[in-house]
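Structure 1 and structure 2, given next as structure tokens, are two forms of the same protein chain, each shown alone.
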Structure 1
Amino acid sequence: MELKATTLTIKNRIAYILINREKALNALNVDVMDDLSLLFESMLNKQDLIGVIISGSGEKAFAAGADIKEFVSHDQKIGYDLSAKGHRIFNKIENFPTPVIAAVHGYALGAGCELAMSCHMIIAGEKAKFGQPEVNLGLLPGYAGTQRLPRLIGRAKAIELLLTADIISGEEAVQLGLANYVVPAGQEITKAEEIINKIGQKGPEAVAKTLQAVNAYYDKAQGGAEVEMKLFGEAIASNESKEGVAAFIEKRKANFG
């Protein structure tokens, strides 16, 4: 398997996926998204896995969003298609038959937060920061953030975070029900291993069926996903997002008029 922007290590029946774009704060570009798709497809054949841990390289970030520098020339159709592709990839993670845990030691923003939310659990380090800052760019989340955030933390707080673009700490994420635990910096993966090893002692079929049943509860609400893809396509082609993305690249504040 040829991976372009991630690495896979398997040890003691746990798969460790590392996002490997430290200089861009592990922003999820096309290469990372393609790797995740390939990984979660191919790992379905590894029957003895008891869990997967996703983390980001470097000191600062789990993933600081989708790669904003790739948005520059997107029209409505491309925006819709990319959003639909992202939904499919993150659904593969959510539907994976063994527990997938996001070990978040730094920024998990935008698509990075959406990736963490598609995992079954999130372990936050003391320096973790979560948020959906897409409105700063004249956008809305495109990888199911409008769907999974309200599901996890409830409508009122989700709307507040989505519209204010506020960034919250790991501790707040636990209080809100977004993350499972906050742990001392550097202990994120160890805590994830502890949980996966505990689950690894249970019956693997029962674990897979339980995950499938929990996911089925949410399948009822899939209509919202299609709405998000459509609106994301519209937003990415808008003047607002052109200004928001240009402002990020030029390192200035966006002027939405």
Structure 2
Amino acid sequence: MELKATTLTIKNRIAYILINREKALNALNVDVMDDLSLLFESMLNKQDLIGVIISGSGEKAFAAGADIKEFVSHDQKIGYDLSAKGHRIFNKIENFPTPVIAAVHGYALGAGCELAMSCHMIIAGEKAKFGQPEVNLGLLPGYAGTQRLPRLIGRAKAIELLLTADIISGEEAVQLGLANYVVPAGQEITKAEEIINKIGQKGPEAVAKTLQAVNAYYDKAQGGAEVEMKLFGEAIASNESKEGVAAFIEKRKANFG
């Protein structure tokens, strides 16, 4: 697998994706987006993964936005296609069957904030900064920022941030429900590993089904409650569930293999 702007390391069943464009503040250009698409497609076959952590190289940014230089002379059709591609790639992340955590230090702005929001959880360093400043460029978020931000922090506050282009700190991101934790600088990945390793002790099929059911709540094309019922029925009939229930009754630790 040839990656152009990211690196992948797998250790202790955790996949570490590093956006490797430090000089450009890890701006999401075509190469980064293509890498992310390829990575999340290929990792679907890695059945032993318990989680994925995405971070950015250097100390200044997780990802400071899209690579605006690529926007020059785009017409309406190209703009639509660019946005559609971003939606498809970030949906792959959101629908990935194991937890994906964004370890955010420094700037997560524009497309970088949208990437973080497509992950299942966000760990913010104490120097993290989040925002959707697209209106400053006469634009709006194109990679589902207008969709995911209201889900996470509520309609009114999301509209305020989207229209003012205000930048918020990691602490405020946690208070609003955008991020899960704020930690000392340099501890973002450590905290993400802690959460993933805790989840890794649970039933992997149950974890995957839970993520699918939660995502279905936000999918207008399907009824989230109905999907949850279907998946719960599948889960309760599985060998994994039988082992988990037996272990609970027998007061022992479950062995999910």
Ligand code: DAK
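Computed from a predicted structure; not experimentally measured. Only the largest set of C-alpha atoms that superpose within 1.5 Å between the two forms is called the rigid core. Residue numbering: structure 1 sequence, from 1.
Visitor: Could you let me know which number goes with the form predicted together with 4-(N,N-dimethylamino)cinnamoyl-COA?
Guide: It is the first structure (the form predicted together with 4-(N,N-dimethylamino)cinnamoyl-COA) rather than the second.
Visitor: Can we say the CA of residue 12 moves by at least 2 Å between structure 1 and structure 2 when the core is superposed?
Guide: After core superposition, the displacement of the residue 12 C-alpha between structure 1 and structure 2 stays below 2 Å, so no.
Visitor: By the 2 angstroms cut-off, has the C-alpha of residue 245 moved between structure 1 and structure 2 once the rigid core is superposed?
Guide: Comparing the forms between structure 1 and structure 2, which are aligned on their rigid core, residue 245 does shift its C-alpha by 2 Å or more.
Visitor: Verify the C-alpha shift of residue 25 between structure 1 and structure 2: is it 2 Å or more after superposing the core?
Guide: Not so; residue 25 is displaced by less than 2 Å.
Visitor: By how many angstrom is the CA atom of residue 235 displaced between structure 1 and structure 2 after fitting on the core?
Guide: C-alpha displacement of residue 235 between structure 1 and structure 2: 44.8 Å.
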